[in-house]
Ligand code: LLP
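First, one chain by itself: the form predicted alone, in structure tokens.
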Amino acid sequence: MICNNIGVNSKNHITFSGHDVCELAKKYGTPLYIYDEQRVRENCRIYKDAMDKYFPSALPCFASKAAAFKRIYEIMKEEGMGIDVVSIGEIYTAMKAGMPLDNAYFHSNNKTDEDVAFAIENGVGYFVVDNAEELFAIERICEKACKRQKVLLRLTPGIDTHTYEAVNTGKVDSKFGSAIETGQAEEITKLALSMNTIDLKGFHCHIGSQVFDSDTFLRGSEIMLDFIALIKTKYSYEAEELSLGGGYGVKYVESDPEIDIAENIKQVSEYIKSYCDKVGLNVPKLLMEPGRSIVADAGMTVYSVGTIKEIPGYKNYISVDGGMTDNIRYALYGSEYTLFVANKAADEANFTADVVGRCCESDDIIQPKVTLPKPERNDIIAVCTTGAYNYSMASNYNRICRPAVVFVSGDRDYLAVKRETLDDLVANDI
């Protein structure tokens, strides 16, 4: 199996963390997001334990954009994680879940004055500042509120991660951050140091997503530490914190590599300590922002099969009762997934088809050219590793209601997010 929390029971049904997904589909309806609570917690602890062990000071911050709803923030609070938030909607949801905001890091390349004021008023610990305009907005609003705000400056180190172009965020020409190569990073640092209401704590970079080894983090940390050393020499300011951004990649299909996250964090630690010694720096507090690798393999989506269309000499289609409204990642990135017919788990896979959604859109594809046991109407399709960027990117395109979110934990299952209703769809219409 693609992940060790997936199995097959005596009914020939797929199980997820020991729970029969067909029974969950029957109980809660489809489409349905299912989360394995214990796996979320285990993934948090891998980062937290390794970072506590290998760095003198460190904090993993859950990247909220991967999956933002109240139950996730409750778990992050219980596991001692910080959070990376990118909107006041994520901040508000975290607040409603009782998540402390002192270790919340507020990202975004375009924070409005409303965003800045809301975050300052509600005590968000850190702003990850993208540009000079944002610094001026923070300064202006802090002066009115008689407050001082901790910030990290987001820099672009100019690294290619050899990953999806759409999720490569560390290049010089990225929409995010200030480029070191062009001198803009130094200019914004000078500006931040000159402001009375800005408490510059350090620097941030985010190089990309789906990184399967430490090479990217090592190259990124070297460039960032060289910059920190330069700023120390020229401005007598030494950064206290350094964020290397996102976490490691996850296994979506069998061909994806396995990764030992703790061992990779150890490698990064050894490299940073050695490099700091080389350039005369104290080892800064190290931050990482794992999102995908916290929740992706803790999630599964299940659908009911509708139409099976066979076009002789061409191709076949399996249509399900969800689609790009609950999983847009194939349409965006061509993302690969592992799929099962959940009620025919061990049957012979002898039918090749595109698994597609119900939306009126040609690109509404869950996964093309999948070979499965031939399904029938009302069979259950399980799509693995959907805990990240599926619920959070869900939409009401075609006026389709968004699915429910259910958690499994030990012997119990419970609802975390209710299924939207038709009344919900028109609740804001006037």
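In this text, residue numbers run from 1 along the sequence as written. Note that this is a predicted model, so its numbers are computed, not measured.
Separately, the form predicted in complex with the named molecule exists; it is not shown, and the next lines address it.
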Is every one of S319, K344 and P373 in contact with the named molecule in the predicted complex, taking contact as a heavy atom within 4.5 Å?
-> no
Which of 185 to 193, 203 to 211, 274 to 282, 349 to 357 lines the interface with the named molecule in the predicted complex (heavy atom within 4.5 Å) | 203 to 211
Taking the shortest heavy atom distance, is K232 within 4.5 Å of the named molecule in the predicted complex?
-> no
Heavy atoms within 4.5 Å of the named molecule in the predicted complex: does Y389 have any?
-> yes
L59: touches the named molecule in the predicted complex, heavy atom cutoff 4.5 angstroms | no
Do R329 and the named molecule share at least one heavy atom pair within 4.5 Å in the predicted complex?
-> yes
Candidate from G246, G82, G220, G323 lying within 4.5 Å of the named molecule in the predicted complex - any heavy atom = G246
Quick one: from K48, K65, R41, R402, grab the residue that has a heavy atom within 4.5 Å of the named molecule in the predicted complex.
-> K65
If you look in the predicted complex, which residues in 269 to 292 sit within 4.5 Å of the named molecule (heavy atoms)?
-> E289, P290, G291, R292
